[in-house]
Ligand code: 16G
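One chain comes next, on its own, written out as structure tokens in the form predicted on its own.
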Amino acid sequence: MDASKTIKQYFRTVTAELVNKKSPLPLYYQIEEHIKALIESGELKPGDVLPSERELAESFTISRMTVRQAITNLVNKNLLYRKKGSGTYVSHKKFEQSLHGLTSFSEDMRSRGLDPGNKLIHFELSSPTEELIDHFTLEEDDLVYKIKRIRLANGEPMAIETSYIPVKLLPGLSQKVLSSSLYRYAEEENGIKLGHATQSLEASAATEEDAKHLQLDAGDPVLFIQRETFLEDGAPFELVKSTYRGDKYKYKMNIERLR
């Protein structure tokens, strides 16, 4: 029996007895807490689809409006998410990234106890665009690396990333090097001293290409992130444009009161 049928069978057989209509607790809250407990215990897993509101209402022998309120509350708490025309699903746990401190993707994943990985899509030496000439202060005959990778955590796609680096900064860069941390290679094997980065984030929707690589549907929410990394002396080192899964990543920052 597939997972969706198993979940529906569970709700058909046991949920009615779990709602106490004489309790002072609102019915929607009881349903909300029950589904939350199933998620926290692992009985409902990320990506599992819930029965429809009609099916849940029949299982609990209550109104669809009450079920809808419980589901909406869980969606607002990011424990569930809705897909138009498809249903309501259990959310994936989001990775929280602090906006303080310059770390590579590999360093960040290892700090969480996860195994970082890459799937190289594209690696080439190319002539710089006007944007890259201006950003890196290059000559027209200079070359840049264009590196496109899927970034993985425990084998699961987290982001699709396109990086640009002047060839003259890392003349020995190869596809083999990109199987591990680029920042570690630059600092430990090339003596490059990274200083700081500026980063911008904006909400976006997954393109067809994003969806293919990140196991999403086109139009799903994603985070578009652009990072400009600089050396200690202020010279630009790297320009990175990344698309992160919106259901997997969130950013956190500390904000102090300005005086």
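Just so it is clear, the model here is predicted, and its values are computed rather than measured. Counting begins at 1, following the sequence as shown.
The same protein also has a form predicted in complex with this ligand, omitted here; what follows describes it.
Contact with this ligand in the predicted bound form, defined as a heavy atom within 4.5 Å, holds for exactly one of L44, I225, L214, I62, namely I225. Taking non-hydrogen atoms only, E238 approaches this ligand to within 4.5 angstroms in the predicted bound form. For Y89, no non-hydrogen atom is located within 4.5 Å of this ligand in the predicted bound form, even though that partner is not displayed.
Within this chain, S180 lines the site of this ligand in the predicted bound form, having a heavy atom no more than 4.5 Å away.
Under a 4.5 angstroms non-hydrogen atom cutoff, this ligand in the predicted bound form has Q199 among its neighbouring residues. Exactly one of the stretches 73 to 81, 144 to 152, 168 to 176, 128 to 136 approaches this ligand in the predicted bound form with heavy atoms within 4.5 Å, and it is 144 to 152.
The partner is not shown here, and in the predicted bound form the stretch 22 to 59 never reaches within 4.5 angstroms of this ligand through any heavy atom.
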